[in-house]
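Next comes just one chain, in structure tokens: the form predicted alone.
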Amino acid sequence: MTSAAHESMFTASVHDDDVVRVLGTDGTLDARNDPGLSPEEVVHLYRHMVLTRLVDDRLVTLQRQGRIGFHIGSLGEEAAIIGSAYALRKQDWLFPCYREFGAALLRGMPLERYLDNMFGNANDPVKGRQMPDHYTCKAAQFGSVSSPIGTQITQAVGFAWAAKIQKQDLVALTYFGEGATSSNEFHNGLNFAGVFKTPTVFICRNNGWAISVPTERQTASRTFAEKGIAYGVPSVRVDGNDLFAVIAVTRDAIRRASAGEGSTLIEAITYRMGGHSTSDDPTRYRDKSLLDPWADRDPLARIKRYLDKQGWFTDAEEQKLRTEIDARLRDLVEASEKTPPPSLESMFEDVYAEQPWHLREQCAELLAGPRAPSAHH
């Protein structure tokens, strides 16, 4: 199949009859699935989506300038990520893939700590032990990012299973791309969740590409949602660029899980407008013209059109917001760049509750030894 044929088929899928939609092209909401957000909530979420987009843009620039080493963005997927994270309750936990920094910030991770992770400095929550965009925030109920495909799926199921055993009203939500449905972890996680009815919400961000591999190379099934049927996990498809629809279906999945009815698999149909990461060149496998239909479906533009129709957020307010975010990012990036790297002794921390003698001995020997002639500690 050619790239153009793939795009045509994938783009058409978002219009399928079984896809949940709320926000119409005319800026009206379908009352059947309207989550009932207040004007303040919509403005709050739009402001956060703009923040997420501008942080993305800034980090790509920093990587191109050689100031950070790597970034995985969420360009075009903000509604699927922000909407589902907003649907969570305070006690619920989120197990990320690697594009969900916007969800971490929405849940309470300080922006300065996220930027510290990008530089791997002494204030980095993971103390420079991971590559950029591999962060965590316990206070935000946000699990740790790791690179292996799909591992977060079984982690979320295990966490939810433990909560069920302890009779805690807690739901674990996990994100993954459609490529992860080809992993062992997807099978193990969905099967266990179906058998034991764990309170888990699986969100498959079907963005059309697993790096350079198109959706039709991942499965012969008509949809990714229908894969839940074999595991006894109810499934739903949603327009992933429709913030209102994403919130509605995620809230319903959380309600089911909280009521003891088990897990739900959500296929959010969205589109990866950029590369897989700053290490990827999508023009090698995707013609730029194929982005045009999805540019019209840009989740930020759709919400802004709705806000304009309602008169809730003016262009002047938009410009003020962007100016404020730009100034804040400049200050925070400057502070992160000036922060020293993690201490040497931090390598021996966070493994044992009480540090054993041999690690104390190794740490002391390291600190007393000679330093290599390097700009790095």
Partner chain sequence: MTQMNMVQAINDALRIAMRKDERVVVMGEDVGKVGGVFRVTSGLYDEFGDARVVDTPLSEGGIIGAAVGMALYGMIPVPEIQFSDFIWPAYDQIVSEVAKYRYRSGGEYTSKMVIRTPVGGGIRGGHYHSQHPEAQFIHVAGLKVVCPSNPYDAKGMLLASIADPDPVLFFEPKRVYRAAKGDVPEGEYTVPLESAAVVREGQHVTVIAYGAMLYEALDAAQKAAEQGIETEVVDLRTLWPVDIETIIASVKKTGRLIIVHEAPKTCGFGSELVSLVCEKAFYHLEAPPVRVTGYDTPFPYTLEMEYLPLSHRILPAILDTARAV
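So that the term is clear: the rigid core is the largest set of C-alpha atoms that superpose within 1.5 Å between two forms. Just so we're clear, the structure is a prediction, and the values are computed from it rather than from any experiment. Numbering follows the first chain given and starts at 1.
Not on display, but discussed next: the form predicted in complex with the partner chain.
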TODO: Report the stretch among 193-201, 79-87, 230-238, 174-182 that approaches the partner chain in the model of the complex to within 4.5 Å, counting heavy atoms only.
DONE: 174-182
- [ ] Although the partner chain is absent from this view, report whether Ser346 comes within 4.5 Å of it in the model of the complex, heavy atoms only.
- [x] yes
Open item on the list: Considering non-hydrogen atoms and a 4.5 Å limit, does the partner chain approach Gly27 in the model of the complex?
Closed with: no
TODO: Verify the contact flag for Met49: yes if a non-hydrogen atom of it lies within 4.5 Å of a non-hydrogen atom of the partner chain in the model of the complex, no if not.
DONE: no
TODO: Spell out, yes or no, whether the shortest heavy atom distance between Arg129 and the partner chain in the model of the complex is within 4.5 Å.
DONE: yes
Open item on the list: Check for me: heavy atom within 4.5 Å of the partner chain in the model of the complex, for each of Ile211, Arg217 and Pro341, yes or no.
Closed with: yes
Task: Contact set, 354-371 vs the partner chain in the model of the complex - heavy atom within 4.5 angstroms - done: His358, Leu359, Gln362, Glu365, Leu366, Pro370, Arg371
Open item on the list: After core superposition, I'd like to know whether Val351 moves between this form and the one not shown (criterion: C-alpha shift of 2 angstroms or more).
Closed with: yes
